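Shown next as structure tokens: one chain only, the form predicted on its own.
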Amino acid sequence: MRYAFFVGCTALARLWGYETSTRKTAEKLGVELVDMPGSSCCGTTYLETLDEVTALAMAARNICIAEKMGLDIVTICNGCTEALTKANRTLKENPELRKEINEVLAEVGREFKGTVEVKHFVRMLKEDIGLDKIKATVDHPLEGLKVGAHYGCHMLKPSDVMLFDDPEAPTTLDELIDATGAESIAYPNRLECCTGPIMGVREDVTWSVGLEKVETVKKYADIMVTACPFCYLTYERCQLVSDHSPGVPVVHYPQLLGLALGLDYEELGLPSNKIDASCVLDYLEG
């Protein structure tokens, strides 16, 4: 099983642990993630409100790289997932707009054909690998570990574009957490936005909202697990800037899965997490 791996800007620049743990766990599950030569920013989820053509062209250019590789795309950023998925669907369904975008792409020797699909790593695990195979591959179950899952908005919404899970009552990330032997715990307001998108404009709001959620998680679980670099940074940073940090470890899902699959704490990049997550080692069995 092979995919074109779209890492995205944030993970490459700031969260090497997320990238490396994704690669390591994929390999352990028999999945080959192939780098996309020449890939760039996805176009972001916000650029379309300023310039739709530019946003679509940026996303489509990346999709064209995967088309040339003959591989579907796997992403690890919720924002990248939405931007690429939305562009892919829009251009497949709108011939006139596709023609306009291809005129732009022709300037860099590309042409959007609509031959590949885009999936978040979490969705790929659920739909293409399957929970049964993941459970069968786990040899160090994290029994007793309670986890507060954070999905993030763009993994699920807009639901008519993403066509993945129930945006009001999702289960995929919970099921994947449970597959590691840990227990995904329900907690109040778990689907609230991290407010990461306004981090550069209203940092006080981002840190306040983030801290409130982390403090809620602490009442119910041992750690928080995310599947989006921006969400991760919000919940980690809000604790680091607080005078009274709740000290809740924030862990990328592939790091949690990797531990259950028998990979080392260090090779999964867990030491690079700013809030010590070594408590998870106390729950490893086998």
Partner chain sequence: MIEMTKKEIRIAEADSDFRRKVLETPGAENLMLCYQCGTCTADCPVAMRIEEFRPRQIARLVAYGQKERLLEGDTLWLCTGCYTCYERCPEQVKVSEIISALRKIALKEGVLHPTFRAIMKSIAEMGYIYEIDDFQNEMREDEDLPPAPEPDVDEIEAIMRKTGFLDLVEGS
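Computed from a predicted structure; not experimentally measured. Numbering follows the first chain given and starts at 1.
Just so you know, the form predicted together with its partner chain exists too; it's not on screen, but the next bit is about it.
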Original post:
Out of the stretches listed (114 to 122, 129 to 137, 143 to 151, 167 to 175), which one is close to its partner chain in the model of the complex, meaning heavy atoms within 4.5 Å?
Top reply: 167 to 175
Subject >> Proximity to its partner chain in the model of the complex, single hit among Val217, Ala26, Met58, Cys238 (heavy atom within 4.5 Å) >> reply: Met58
Original post:
Does its partner chain come within 4.5 Å of a heavy atom in each of Glu67, Gly258 and Leu261 in the model of the complex?
Top reply: no
Original post:
Do Leu71 and its partner chain share at least one heavy atom pair within 4.5 Å in the model of the complex?
Top reply: no
**OP:** Spell out, yes or no, whether the shortest heavy atom distance between Ile275 and its partner chain in the model of the complex is within 4.5 Å.
**Re:** no
Subject >> 4.5 angstroms heavy atom contact with its partner chain in the model of the complex for Gly247 >> reply: no
**OP:** Verify the contact flag for Thr195: yes if a non-hydrogen atom of it lies within 4.5 Å of a non-hydrogen atom of its partner chain in the model of the complex, no if not.
**Re:** yes
Original post:
Along 26 to 40, which positions have a non-hydrogen atom within 4.5 Å of its partner chain in the model of the complex?
Top reply: Asp35, Met36, Gly38, Ser39, Ser40
